[in-house]
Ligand code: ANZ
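The form predicted alone is given below as one chain in structure tokens.
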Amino acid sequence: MKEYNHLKIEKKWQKEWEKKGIYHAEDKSKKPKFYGLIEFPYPSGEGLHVGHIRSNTAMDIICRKRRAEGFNVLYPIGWDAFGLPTENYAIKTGIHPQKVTKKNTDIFRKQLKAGGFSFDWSREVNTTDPEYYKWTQWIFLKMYEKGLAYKDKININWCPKDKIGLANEEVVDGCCERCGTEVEKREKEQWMLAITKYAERLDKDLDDVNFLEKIKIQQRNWIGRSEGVEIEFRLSGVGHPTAIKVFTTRPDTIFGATFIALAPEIAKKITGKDFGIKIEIDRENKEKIGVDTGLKAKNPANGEMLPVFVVNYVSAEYGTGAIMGVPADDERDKEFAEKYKLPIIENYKKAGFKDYGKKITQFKLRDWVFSRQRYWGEPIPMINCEKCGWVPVPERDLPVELPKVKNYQPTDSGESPLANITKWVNVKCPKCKGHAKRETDTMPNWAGSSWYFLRYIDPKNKKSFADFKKLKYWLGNDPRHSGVDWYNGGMEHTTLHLLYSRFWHKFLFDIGVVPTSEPYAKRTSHGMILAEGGVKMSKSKGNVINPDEIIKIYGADTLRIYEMFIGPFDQSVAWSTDSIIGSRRFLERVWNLQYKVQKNKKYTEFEIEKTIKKVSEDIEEMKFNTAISTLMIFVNEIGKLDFISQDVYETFLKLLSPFAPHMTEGLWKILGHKNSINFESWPVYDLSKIKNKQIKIVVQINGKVRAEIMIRAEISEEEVKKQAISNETVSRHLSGKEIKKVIYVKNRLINIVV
């Protein structure tokens, strides 16, 4: 008996598949198309971890099944390689970020190929390649041309450790999402992208896409659409006639208002004074602090003059930067009123909005802070001329390449390290040819990842970011209901990355360069793989699992099976190295079944029909663990037999192939086939063979057998229970008794508890 040698088998077929290019997608085909996408990895110095394997394997299984179903499949891969982790590593080691990126991508590529993923490597992209970021810069310039990119002096979130400005989305509980340092506020000129102009569509168009409901909820919560009323309060004590506008979703509480609260910036704008109050980033948990401005605001509902405070818990970035304080109906307002001894009106009459304000819709979403004061990012292609102001770099001069520098340390001044490279900074104005300077801020790491799925479609195009005909083929013709067919990734990226890429795509649709309004037709997510004991994997804890050693000892197929079998795909699961052996033994049993195969023997069709149905349905629902369980049950059943018919064994191998592609390819050749199993059609079950099958079910009452019934194999659990209870013998035993619970063990028994 020939031993299952995973190392020999896997290396052999990986080499063969790559040589023949069997996973290359065709840009023209009579077959229906399928575009399957994963989040392209950030090539860190630690290499791949087992979390990458989980996501990649899931979409690999789906893509392999689609190929077998007759689809022309695009399953691409690339690198999201700009950003802080590489730059920080380069600062720490003294190795240039470009060299670090090259080394890391080489490691990742080797690891991914060892995993047996059916990527189309001919379409590999890298966000740090000038030929790629040329088009990232081009998109930015188009946004500038249409008034969506602008420079503004604003209060930004500043991370003192990373020495970088952060978008609101990158601040979690008042801290930098990357390093955990408490964020400060700094006033600085920043490039902004007017994502707020797309807020309505970003919210509304979620109705047209097949996203998991929890993903839609995350998107909608961040966009923060709310309908309310804008009410004008006339001010006195300013010295000139003026008013402030307050947005509220509860205009009916206006008679309960006892004060007006302003954001510091709004108070300064009205009075010209700095009241020494700073806005708290984590406003919910901090102490509420305020200063009486001395101004009074007239309540339009009853004419009362309300005191106006500047406070630390109202942001100028949301709404109008002013709220009416109703302490009787709001805990935050109550806390503030009690502290500053302001009235609390418990029983006041409710009001309608018509007489006091106008109905409006507003959004929590703010414009995207797009500048980063770091080295390792795409240069922003703008030039500042002393005479002409900001001038875009002409398209013919793209890409504006990131210069190679020795010193890429961030600066305490808040300027990018690029500001010190005078030879690169000083240029002629494209308009007047006078003295000018380049923009030295770079783009955030979100830029390159906002459109990478489009570049996969036409990665070598030098004339445009992608040919429109190719985009139309791979994304579809229907502007509202097309896009990447299926995109899977982590829940940690279903808010920011997803929102940003939807925004960029909608803009590209508006200027007529992509055929669809939404980038992704379907979006799913997976749970994290936790370390042993259920804690989060982290380098500092030393509990990160590298797949290299697992593949070496057990094989890539075993790792793929284990990661899909470990638990429900959409939930977080704990890693257990000891449990991998079970997946390995399953594959060994499959391998050894070849010695029981006989060509001309027949096996009960019903068992394989059931397996085809269950595995096919489970893959579509991403229930990979139960699909594998079904395959294991089938192997256990046929393993008891003296022989196995070849047609049944081959059908089983086709079902297993997306999960364990190397071993099934090897067995397919051993069975005498010249063509690859990759070119075989996906098994189709015959429902009539399942429907005609009758199964005997034992019926118990309080654990005692009272009857046996025959059921059709495909009927639902509820129907089985109904048939059991309505059985004449069972019905007699149940007479006068109350049914507490009905327990069904599928295809075996019913126990009625009375």
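Note that residue numbering begins at 1 and tracks the sequence as displayed. Just so we're on the same page, rigid core means the largest C-alpha set that superposes within 1.5 Å between forms. Because the structure is a prediction, the values reported are computed rather than measured.
One more form of this protein, predicted together with the ligand, exists but is not displayed; see below.
Peer 1: Given that the ligand is left out here, which of Q190, S517, T196, T248 has a heavy atom within 4.5 Å of it in the predicted bound form?
Peer 2: Comparing distances to the ligand in the predicted bound form, the residue within 4.5 Å is T248.
Peer 1: Note which of L202, V314, L559, I380 lies within 4.5 Å of the ligand in the predicted bound form, where distance is taken over heavy atoms; exactly one does.
Peer 2: Answer to the contact question: V314.
Peer 1: Quick check for you: of 128-136, 473-481, 287-295, 321-329, which stretch puts a non-hydrogen atom within 4.5 Å of the ligand in the predicted bound form?
Peer 2: The contacting stretch is 321-329.
Peer 1: Given that the partner is absent here, does S629 sit within 4.5 Å of the ligand in the predicted bound form, heavy atoms only?
Peer 2: Flag for S629 set to no.
Peer 1: K364 versus the ligand, in the predicted bound form: is there a non-hydrogen atom within 4.5 Å?
Peer 2: Yes - in the predicted bound form, heavy atoms of K364 and the ligand come within 4.5 Å of each other.
Peer 1: Is S501 part of the interface with the ligand in the predicted bound form - any heavy atom within 4.5 Å?
Peer 2: Close contact is absent here: in the predicted bound form, S501 is far from the ligand, nothing within 4.5 Å, heavy atoms only.
Peer 1: N302 versus the ligand, in the predicted bound form: is there a non-hydrogen atom within 4.5 Å?
Peer 2: Looking in the predicted bound form, residue contacts with the ligand do not include N302, since no heavy atom lies within 4.5 Å.
Peer 1: Is D467 displaced by at least 2 Å at its C-alpha between the shown form and the other one when the rigid core is overlaid?
Peer 2: No, because once the rigid core is superposed, the C-alpha of D467 moves less than 2 Å between the shown form and the other one.
Peer 1: Is the shift of Y198 between the shown form and the other one large enough to count as movement, that is, does its C-alpha move by 2 Å or more after the core is superposed?
Peer 2: Comparing forms between the shown form and the other one, the Y198 CA shifts below 2 Å.
Peer 1: My question is whether D252 is one of the residues whose C-alpha shifts by 2 Å or more between the shown form and the other one, given a fit on the rigid core.
Peer 2: Passes the 2 Å threshold, so yes.
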